[in-house]
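Single chain ahead, by itself, as structure tokens, in the form predicted alone.
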């Protein structure tokens, strides 16, 4: 085994080294090359939660490669501010802000219709929007907010945009998960976190694990349509979400946190690199596929993954085609 592969595994297993800014600093020595300039020219990339942090960095990265970027933001005002900030750096960027609250499932057909009205093809849909409420909260429709934002909304939006993704010929869907998912198993016995004392980080990690396995199911669902589906984790990045929801963690790890651009690197790379089209259903970190579990107690069974799919179908009304 090459020394780079041994070192890469050691970084991954150490967590602190692999998830921090040290990871990309070392891995740049052997990871795949950057996408070619202009490699997304003529393509449309939609990014949820694009007004700050990883989403904003993803929008900027895709625009830098020539894509037209649809910034799907819950707050149009904050989205417009983020757009203006990106344009100061990239004055020729093609950026558009669209209102989208991914947790509001009833509004998503209108979001998808508006997007299809302006473009027949979508190269990529990036599920980046995230929340970590301080206490258990529900949407107006009665769904647990973290679950609706990270799992049910993305599931429905993927379904609604499957035609323009397929029409692109190289369509890609990317779920931005979290390394925190390694701490949790797939809790299909309590998907809406109604049992026990509610913990925001645990709720976040549970739904991020759901995203990873939902991506596997969508990869199988969309294989015949030549749409690749991926999940990834950004490592520990210094984003507004971390600053607001995990101030203690940020204080402890501050010097080692990645920038938002470093955290979004793999997402942007998957949008343009050949590997993003050649593979599907994998979980990525720092431009390499990773294991989804390192402990047997967190590894789901195939039955549990299928149960997650059926749960999403039941909750969203998306017609079941797989399994």
Ligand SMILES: NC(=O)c1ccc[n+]([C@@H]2O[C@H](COP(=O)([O-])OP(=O)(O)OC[C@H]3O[C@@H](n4cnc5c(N)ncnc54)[C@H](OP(=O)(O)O)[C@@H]3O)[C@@H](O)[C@H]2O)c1
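Here the structure is a predicted model, which means the values were calculated and not measured. Numbering follows the first chain given and starts at 1.
What follows is about the form predicted together with the named molecule, which we do not show.
Residues of just one listed stretch (215-223, 126-134, 183-191, 112-120) have heavy atoms within 4.5 Å of the named molecule in the predicted bound form: 126-134. Against the named molecule in the predicted bound form, the set 151, 229 and 283 makes no contact: no member has a heavy atom within 4.5 Å. Proximity to the named molecule in the predicted bound form, defined as a heavy atom within 4.5 Å, holds among 242, 97, 143, 205 only for 242. By the criterion of a heavy atom within 4.5 Å, residue 53 is counted among the residues contacting the named molecule in the predicted bound form. Using a 4.5 Å cutoff between non-hydrogen atoms, residue 61 does not count as a contact of the named molecule in the predicted bound form.
In the predicted bound form, at least one heavy atom of residue 234 sits within 4.5 Å of a heavy atom of the named molecule. Interface residue remark: residue 174 is not counted as part of the site for the named molecule in the predicted bound form, having no heavy atom within 4.5 Å.
Taking the named molecule as it sits in the predicted bound form, the stretch 87-112 comes within 4.5 angstroms of it through a non-hydrogen atom at 100, 101, 102, 103.
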